[in-house]
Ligand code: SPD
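Just one chain follows, in the form predicted on its own, and it is written as C-alpha cells.
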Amino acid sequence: MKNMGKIKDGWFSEVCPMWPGIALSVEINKVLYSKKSQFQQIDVYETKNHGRMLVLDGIIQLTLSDEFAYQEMMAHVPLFAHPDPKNIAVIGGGDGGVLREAGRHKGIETIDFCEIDPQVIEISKKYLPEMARGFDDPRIKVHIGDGNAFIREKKEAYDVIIVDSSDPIGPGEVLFKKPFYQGLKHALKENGVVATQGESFFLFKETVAHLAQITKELFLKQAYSCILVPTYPGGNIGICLASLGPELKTPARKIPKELQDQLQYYCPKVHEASFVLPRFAQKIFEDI
C-alpha cells in the first residue's frame, strides 16, 4: 500500500484519499524508526510538542500526548458495560495501549491478544514503553496472526472482545466486513459485549453507517460512542459497540476509586456522555 504520510520542512502531514482536501500536520524533531514490515510501513517520530508518535502506512496511530483518550475509552467503555468480564480478547493494537488499560481490571482472568504484525509489537516495546508495558500482564496470551482467522476459531469464549483496528485499508480492511462481525458474535459468551474501532462520523459517515447496519442486524443492542482525540483527523473517533444483552450506554459496575485515580479521560459520566451525538450523527443511526 502507498505510504500516505509526507514530511516537509520538519512537519509530518497525514494525507489520505479517505479524507480528501484535509491534512493533519505535526511538527517533528527526529525520525526514530522508519522501515517497512511484511504488512506495512512503520514510522516512529519524536515530535516537538506531542511526544513520540507512531505512524502506520502514513496514518497517525497515536501520540503520547493524547493516546490515553483513545486507549481508556476503547477498553473501559466495553469492560464497564459488562457486569463481570472474566475472559476477554483484544484484536489489534500492537502498541499495547488497550492491553494496559484492560489490565487495570482486577477481575479479568484471561486476555487473548491477536496482532497480525509482530514488528509493531517489537517497535512499540522499544520506542513506546509507556504503552507497551501492557504486554507485561501475566494474564495475556499473545497470538501472532490474522485477527479474522483467529476469531473464527472461537465459540462462546469471551465476555468482551475489543477490536483495536487500523483504518479500513490495508491489513485492517477485513475487520470492517460482516463475516468478521459474525465471527465476533459467535465468539462471545452469553451476554457478551464487543467494541470495535468505529471511525469518525465527520470523515467516514458511510463507514459508520455500514458498521451500524451490521451490528443492528446481528446483535440485540448496538450503540456508538465518541472520543475526542486532537491528533486524529477531525479531532474525534468512535467506538462501534454491540452486545448480546447488557446495556451499553451506562456502566454496569461502579468504578473502583483506585482505578479511577489512574485514569485521565474515562469516568462514568464521560461513559454516558460519549453516546450523546450531534444531530447529524444521530441521524445516521436513525436512518438505518
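Quick note: we count residues from 1 along the sequence shown, nothing fancier. These numbers were taken from a predicted model, which means no experiment stands behind them.
The form predicted together with spermidine (SPD) exists for this protein as well; it is not shown, and the discussion that follows is about that form.
Trainee: Counting only non-hydrogen atoms and a 4.5 angstroms cut-off, does D164 reach spermidine (SPD) in the model of the complex?
Mentor: Judged by the heavy-atom cut-off of 4.5 Å, D164 is in contact with spermidine (SPD) in the model of the complex.
Trainee: Even though spermidine (SPD) is not shown here, does Y70 get within 4.5 Å of it in the model of the complex, heavy atoms only?
Mentor: Although spermidine (SPD) is absent here, Y70 would touch it in the model of the complex, with heavy atoms inside 4.5 Å.
Trainee: Taking heavy atoms and a 4.5 Å cut-off, does T196 contact spermidine (SPD) in the model of the complex?
Mentor: Although spermidine (SPD) is absent here, T196 would stay clear of it in the model of the complex, with no heavy atoms inside 4.5 Å.
Trainee: Does any heavy atom of I239 come within 4.5 Å of a heavy atom of spermidine (SPD) in the model of the complex?
Mentor: No, I239 is distant from the partner.
Trainee: By the heavy atom within 4.5 Å rule, which residue out of I227, I42, A223, I59 makes contact with spermidine (SPD) in the model of the complex?
Mentor: Answer to the contact question: I59.
Trainee: Could you tell me which one of G51, P251, P246, P233 places a heavy atom within 4.5 Å of spermidine (SPD) in the model of the complex?
Mentor: Here the answer is residue option P233.
Trainee: Quick one: find which of 207 to 215, 70 to 78, 186 to 194, 142 to 150 has residues within 4.5 Å of spermidine (SPD) in the model of the complex by heavy atom distance.
Mentor: Among the candidates, contact is made by 70 to 78.
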